[in-house]
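Coming up is one lone chain in structure tokens, specifically the form predicted alone.
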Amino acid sequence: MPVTVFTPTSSEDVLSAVHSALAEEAPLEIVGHGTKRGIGQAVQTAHTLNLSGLVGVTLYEPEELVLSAKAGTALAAIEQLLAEHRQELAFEPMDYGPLFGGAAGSGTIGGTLAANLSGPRRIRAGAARDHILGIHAVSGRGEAFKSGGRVVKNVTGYDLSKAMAGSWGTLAIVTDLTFKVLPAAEAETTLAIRGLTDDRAANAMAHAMGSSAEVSGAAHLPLLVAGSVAAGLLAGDAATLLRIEGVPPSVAFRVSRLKDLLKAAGAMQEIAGEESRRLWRDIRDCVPFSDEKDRAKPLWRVSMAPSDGHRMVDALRREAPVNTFYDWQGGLIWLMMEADPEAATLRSLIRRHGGGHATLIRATASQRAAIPVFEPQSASLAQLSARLKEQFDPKSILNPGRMGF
């Protein structure tokens, strides 16, 4: 049966499409520009609701630090607008497009919330759910609703807006979003410590994060990965990276303090300005594992306590061939396998080393179908998720099966 694609241009069109789907009992796949379509279980539906026609910034008040836009608006366009006013989305949302062979900058603001995106600054600024102020949406019941507002101090219904974060379009179709924005840093410098092993890097990052330097990014790139970011700037040895942002005098002072604190760690280099920004964009977007030759290889995104991650990876390397790098002070681990996703082995080792969760970001269709892509939920959490799904989408017409239920 051919798939029917609906491309609404207004929230009323979205509501009408959901009513039609309910009347026909025909589920909908919800997509924007499709940059994250390969994440989760494949959705098999007769109809697709494509939100790429819902475009445009509907409100931007730089003085009030607030921006509203329709769900299909390109994230790149929003970031360009903010940059013109020296502002930004402080949670630094990742761009998944290149990992799947797509163009950079194609993700949407609606997908940003649906996937609860974040970047290296998550250790200080959180993720999309921590910056969303309000939404307009249509539930799987065919009911239009709104939550929150357009001002930073308005918290009415704030938790309902947060509930959409990380729901992957399975609860409701968000048509309009309002985010808090913040001033962009005037300057940034990255301190790179060269040649550290994973365990020594974890120790150095812990010392840096516990200092008064206000580190806004902490990552470790082992030797096999370091040369694949920032046009080879870090080629030649492993690199442990610490980012400092702010006004120039403050950045210079804090970098100096950090160098004194870690002077025994190893050789250091400073990377400033656009080179530093490019470096962290590459880390944010997992560029080391985005090469065309790697796109057939399974890719995992693992979140653990920073002190446990490198120990888990060391144990995993004894079980399976894997390439890796660390973000979030070591709490976010990107793992690229050679062929087999090694799901059972990986999740067993995560449990053995303090716990955490693993999401299979990229894999073949058969691999995605054979294993839980998202971390299996505990019985109590699964019951809570089922109740939430029942409240928003009792007929299961929105992205059915995307998250395994």
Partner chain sequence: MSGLAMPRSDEKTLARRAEIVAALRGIVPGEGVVETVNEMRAFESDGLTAYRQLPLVVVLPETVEQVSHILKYCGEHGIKVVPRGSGTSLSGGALPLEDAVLLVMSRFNRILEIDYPNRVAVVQPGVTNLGITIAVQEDGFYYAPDPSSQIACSIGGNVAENSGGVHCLKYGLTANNVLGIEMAMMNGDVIRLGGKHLDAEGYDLLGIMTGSEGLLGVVTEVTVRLLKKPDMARALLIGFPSNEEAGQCVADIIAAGIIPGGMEMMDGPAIRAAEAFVHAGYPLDVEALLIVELDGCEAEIDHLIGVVEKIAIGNGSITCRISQSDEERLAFWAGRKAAFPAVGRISPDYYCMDGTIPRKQLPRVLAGMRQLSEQYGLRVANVFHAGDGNLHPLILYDANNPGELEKAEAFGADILRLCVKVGGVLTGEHGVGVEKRDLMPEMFNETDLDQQMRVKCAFDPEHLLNPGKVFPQLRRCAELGRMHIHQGKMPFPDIPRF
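Positions refer to the first chain, counted from 1. This one's a predicted model, so the numbers in the text were calculated from it and none came from an experiment.
The form predicted together with its partner chain is left out here; the points below concern that form.
Contact check at 4.5 Å (heavy atoms) against its partner chain in the model of the complex: none of Gly105, Arg352 and Ala370 pass.
Looking at Gly34, you'd find every heavy atom of it more than 4.5 angstroms from its partner chain in the model of the complex.
Contact annotation: Arg257 falls within 4.5 Å of its partner chain in the model of the complex, judged by heavy atom distances. Gly356 belongs to the set of residues with a heavy atom inside 4.5 Å of its partner chain in the model of the complex. Although the partner is absent here, Glu61 sits close enough that one of its heavy atoms falls within 4.5 Å of its partner chain in the model of the complex. The partner is absent here; in the model of the complex, the one residue of Gly195, Pro306, Gly97, Gly227 having a heavy atom within 4.5 Å of its partner chain is Pro306. When you look in the model of the complex, the only residue of Leu171, Leu75, Ala219, Leu177 with a non-hydrogen atom within 4.5 Å of its partner chain is Leu171. Stretch 118-126 is the contacting one of 227-235, 118-126, 67-75, 317-325, since its residues have non-hydrogen atoms within 4.5 Å of its partner chain in the model of the complex. Within 4.5 angstroms of its partner chain in the model of the complex, the stretch 207-222 places a non-hydrogen atom from each of Met209, Gly210, Ser211, Ser212, Glu214, taken in sequence order.
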